[in-house]
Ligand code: SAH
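We begin with a single chain expressed as structure tokens, specifically the form predicted on its own.
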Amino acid sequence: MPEAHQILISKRGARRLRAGHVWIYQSDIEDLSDASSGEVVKVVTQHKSGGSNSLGMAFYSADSQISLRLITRSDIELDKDFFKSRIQDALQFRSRLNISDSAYRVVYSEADRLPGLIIDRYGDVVVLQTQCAGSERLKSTWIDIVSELLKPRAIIEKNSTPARRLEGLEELSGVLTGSLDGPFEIIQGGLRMMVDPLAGQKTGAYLDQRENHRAAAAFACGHCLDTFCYQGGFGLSFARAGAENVTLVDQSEQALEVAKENARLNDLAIETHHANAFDFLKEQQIAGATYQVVVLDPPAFAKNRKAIQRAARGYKEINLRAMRLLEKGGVLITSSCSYHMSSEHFEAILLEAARDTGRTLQIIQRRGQSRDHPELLGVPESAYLKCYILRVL
């Protein structure tokens, strides 16, 4: 195997790696050598004596602003056995979590030291996402390893994410191995749920909220409202926990049809509304409706730093309207999956909304993504989901 190309990075970039991060941006690349996009390269920095120091091995991307994604801080050859050992380590960690659900994340990209690679398991079906040039180049390797370790009946590629465009990669979705004949059933939080990786959001379901659905169910009572409900993860958990009435709201008719099917599978009663959540909340406020529990689980409002101000206005509006709908003692479960919206900023928005409504709220829990989506210390980008459970006093 030929020796890996070397890429020289700036002292600033080297400090970033040594501080614990694993990304190097284009602005810190000083010499590319002859590296090609997607290649595994050796990362070096200039030594005071004129020589170079190795900082490890990384995926190189010619198109992305994130030029290097560090895989290991050792100067070693990265072969199939190396990557297999990383996936085995990720699997062993998930097995220690004693996950009772049949769908969960097996590999979470940089957090599992496999940059740009997502592996989600839905029973005997596995879904892959290769989100950077390096992980894309090794797609056949991932297929071989997953086939050997998990023996799935099908491996699906769900690479229809905007992140791939930033890497100069086309968006792709399809069956890589085996066969898939449409939606199939999984178990989530004791609920039977239908999933379709090729047609659904993300890799088929919002696995990052999996444990939050369960935590929220502890507060189920009276009339519960689940907005931006998708296929009913929160709302169905309330219905199963004995809520008197559960209303699901989403602007996707297709998602609501799946939610209805999920309710039928579990013999649960729900009410659905095909509507824009902003409009629905406003209409409910005008009508004088009240709820014991309201869930807000919107898509990311801030896709980049430039969108934070506009996103803040959106988050404030929906949380303000939700607070006005809650009865005394009612519970608000509100989330943001915008990485660029920090926890501190989101909490400040919640406080501002509470002040504007004249309400006082307790923070019952601060939560994040499920434990199968661990955060890599030193890489704040790996922690994006914020979920607050609040009670109106």
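Just so we're clear, the structure is a prediction, and the values are computed from it rather than from any experiment. When you see a residue number, it is the position in the sequence shown, counting from 1.
One more form of this protein should be noted, the form predicted together with this ligand, which is absent from this view; the next part is about it.
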| item | value |
| --- | --- |
| Distance check, Gly116 to this ligand in the predicted bound form, heavy atom within 4.5 Å | no |
| Gln251 within 4.5 Å of this ligand in the predicted bound form, heavy atoms | yes |
| Contact flag, Phe278 vs this ligand in the predicted bound form, heavy atom cut 4.5 Å | yes |
| Pro299 within 4.5 Å of this ligand in the predicted bound form, heavy atoms | yes |
| Among 130 to 138, 269 to 277, 319 to 327, 155 to 163, the region lying within 4.5 Å of this ligand in the predicted bound form by heavy atom distance | 269 to 277 |
| Contact residue in the predicted bound form, chosen from Tyr206, Trp142, Tyr291, Phe219 - any heavy atom within 4.5 Å of this ligand | Tyr206 |
| Contact residue in the predicted bound form, chosen from Val126, Val107, Val246, Cys229 - any heavy atom within 4.5 Å of this ligand | Cys229 |
